[in-house]
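In the block that follows, a single chain appears as structure tokens, in the form predicted on its own.
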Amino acid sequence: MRVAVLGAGVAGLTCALELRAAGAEVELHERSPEHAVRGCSWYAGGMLAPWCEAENSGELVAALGQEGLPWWRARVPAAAWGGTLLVAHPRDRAELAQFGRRTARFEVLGAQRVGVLEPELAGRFADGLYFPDEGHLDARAALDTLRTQAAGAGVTLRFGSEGPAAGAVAVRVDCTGFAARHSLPQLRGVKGEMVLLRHPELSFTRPVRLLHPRLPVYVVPRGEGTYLVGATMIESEEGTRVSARSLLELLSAAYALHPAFGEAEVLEAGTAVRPAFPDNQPRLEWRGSTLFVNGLYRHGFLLAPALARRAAQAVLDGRHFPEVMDANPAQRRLA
């Protein structure tokens, strides 16, 4: 079967790889030139944190995310698996306990253990939660890796292309995110902003999340003293600029985690519009001969492998997955 995948973000690349592994002839079409693909995946934190995300995203996202962890271990050897550390100041201790009640697979830490895991935080936080089975990756490096793997597997990569001509392929798999809103009217945009900082004298080894009173923030190490700080969640379809307020909030939250971030070099600030359905859950939806893989919201890297596997089986075997293909939220549970 000839299949065209639209969109070269993490959803499109994982779908292309899964379809190709299952025997399809796959073309991957991306409207941007190869050197200018700057969507949600480009600005992502790259956290593979299903148990942390369960706190406010629900059981389905957590289950799909856990399913995808072995995929990332196999595909991206550079991914790090040192877990996720969540900390809070004493005034936010109740919020930390509430966070723990909504999730699983964590250890409750005191000040000494926080300092052992991340020496930069020694003496700064008396309470924390540690999720040892989680990981993270450099999203941009991971996209490069997946593109190389796709080309090596025989996927035809077409950049600067809106897609194949009508009738040229049997099925289209649309992974274009918010750009598909004209076909998926329930889709809405959630703007996310990030800032990339460099401070060579700071050394964190794993993502650290801070329960900040105004903006819960994460700091993800990217190596060589570089850190991604994110991210805002603003109900907006405008994805071309980072506001001064958001930048101030992100930097203030990073400073609250460690004052040394006040001396960091600002390398980049970026933004993108993340696609979300009203229930914030992912969905696979057929429209004629096009299968839409969408609604990954802020969980693109976490959810992409599990959704790609289902998309490949839906296209090639006619499988139906009620947890992501039924419109009624009450029916959308992982079997």
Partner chain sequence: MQLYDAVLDSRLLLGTARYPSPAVLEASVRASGAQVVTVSLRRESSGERAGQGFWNLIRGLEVRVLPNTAGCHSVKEALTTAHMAREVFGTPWLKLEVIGEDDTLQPDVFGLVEAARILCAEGFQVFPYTTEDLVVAERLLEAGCRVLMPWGAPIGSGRGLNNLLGLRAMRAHFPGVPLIIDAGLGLPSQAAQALELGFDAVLVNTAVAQARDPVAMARAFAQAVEAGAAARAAGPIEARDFAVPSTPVIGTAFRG
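Residue numbers count along the first chain shown, from 1. Owing to the predicted nature of the structure, the values given are computational and were not obtained by experimental measurement.
Missing here is the form predicted in complex with the partner chain; even so, the following discussion is about that form.
Put simply, residue 234 is close to the partner chain in the predicted bound form: some heavy atom of it is within 4.5 Å. Residue 56 belongs to the set of residues with a heavy atom inside 4.5 Å of the partner chain in the predicted bound form. The partner chain is not shown here, and in the predicted bound form it never comes within 4.5 Å of any heavy atom of residue 263. Using a 4.5 angstroms threshold between heavy atoms, residue 106 stays clear of the partner chain in the predicted bound form. With the partner left out here, the partner chain still marks one of 159-167, 240-248, 117-125, 74-82 in the predicted bound form; by a 4.5 Å heavy atom cut-off that stretch is 240-248. Three-residue candidate spot 154, 320 and 326; no residue lies within 4.5 angstroms of the partner chain in the predicted bound form by any non-hydrogen atom. Here is the short version: of 206, 172, 209, 188, the single residue with a heavy atom within 4.5 Å of the partner chain in the predicted bound form is 188.
Note on the partner interface in the predicted bound form: the residue among 66, 32, 290, 280 having a heavy atom within 4.5 angstroms of the partner chain is 280. Contacts to the partner chain in the predicted bound form (heavy atom within 4.5 Å) from stretch 73-99: 91, 95, 98.
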